[in-house]
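Take a look at this one chain, the form predicted on its own, written out in structure tokens.
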């Protein structure tokens, strides 16, 4: 079994008595003070996450047209100060990975999921896209929360939402994965101590992957390997808004056929008014259309179970029944975000 990787901040996490788990081949903090407390740190004030396990690849700006041919979104025509959420598409219209591009005048920073970094590197190699892998020579910290921007403004020049900046040894973007405002900040390992000191001085609490998952679910955000996969397209995942690429790209014909015919799998949000949680891989059905829960948990803010289901096709009713521990439990399909 391969040895787990460790981020540059691993010893720091141990000093904070973090509970460590293996995630995507990395030893990562699952929690410090408990997932529920950390969830509320972010919703009520601010918290930060070490997400240095995520891949960070520096791409050559001169290859932007070739890169654009691999994703479903338009990277060419956005400003050189913008961040772009997009999806690499395979030949069958499925999702190789959902990623963030940070676009600058002279380079592109590609941030990909930890579980897919090697897959993305192979994909780039096979399409003759050159890159520098910054993953192990840098850290990436996501600072998120209701008060995050106010707390960060003494150290960082704050860009517009989904915009990028380079300042004082930091490369960052006003993006995140929690439904709250904040910055995702990259710096070299040598400058990590300065950033961590700033966070501590401003009482921004460390948070683990447990809270990151409950926060993203509550914010109606997909997780690769659950709501997206090689066999689930952006259309099927309810991410049609990411499909802005008017030029040719891999899988485009299948993607467009799905949009036109509406014959495809369908990802739907649900809630349950009882206490039973429909977790990942729970079987369910809506008016004879079978589905499988991709993610499910109790929402700390709403106080009841929520989650995503992938159906064979889009159900025509809002009633759904789950098979939970030998019982049929009713739930309701939603057409809006969990948190407004």
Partner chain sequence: MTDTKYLETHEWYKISDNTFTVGISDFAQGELGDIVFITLPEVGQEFKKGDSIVEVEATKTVAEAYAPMDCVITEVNSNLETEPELINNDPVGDGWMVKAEISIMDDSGMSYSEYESFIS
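Positions refer to the first chain, counted from 1. Bear in mind that the values here come from a model prediction, so they are computed numbers and not experimental data.
Here the subject shifts to the form predicted in complex with its partner chain, a form of this protein not shown in this document.
* Can you pick the stretch from 286-294, 33-41, 49-57, 310-318 whose heavy atoms fall within 4.5 Å of its partner chain in the predicted complex? -> Result for this chain: 33-41.
* With the partner left out here, if you bring back its partner chain in the predicted complex, are 279, 303 and 325 all within 4.5 Å of it by some heavy atom? -> Per the other structure, all of 279, 303 and 325 touch its partner chain.
* Asked: Can residue 70 be called a contact residue for its partner chain in the predicted complex at 4.5 Å between heavy atoms?
  -> Residue 70 lies outside the contact set for its partner chain.
* How about residue 19: is it within 4.5 Å of its partner chain in the predicted complex, going by heavy atoms? -> The answer is yes: residue 19 has a heavy atom within 4.5 Å of its partner chain.
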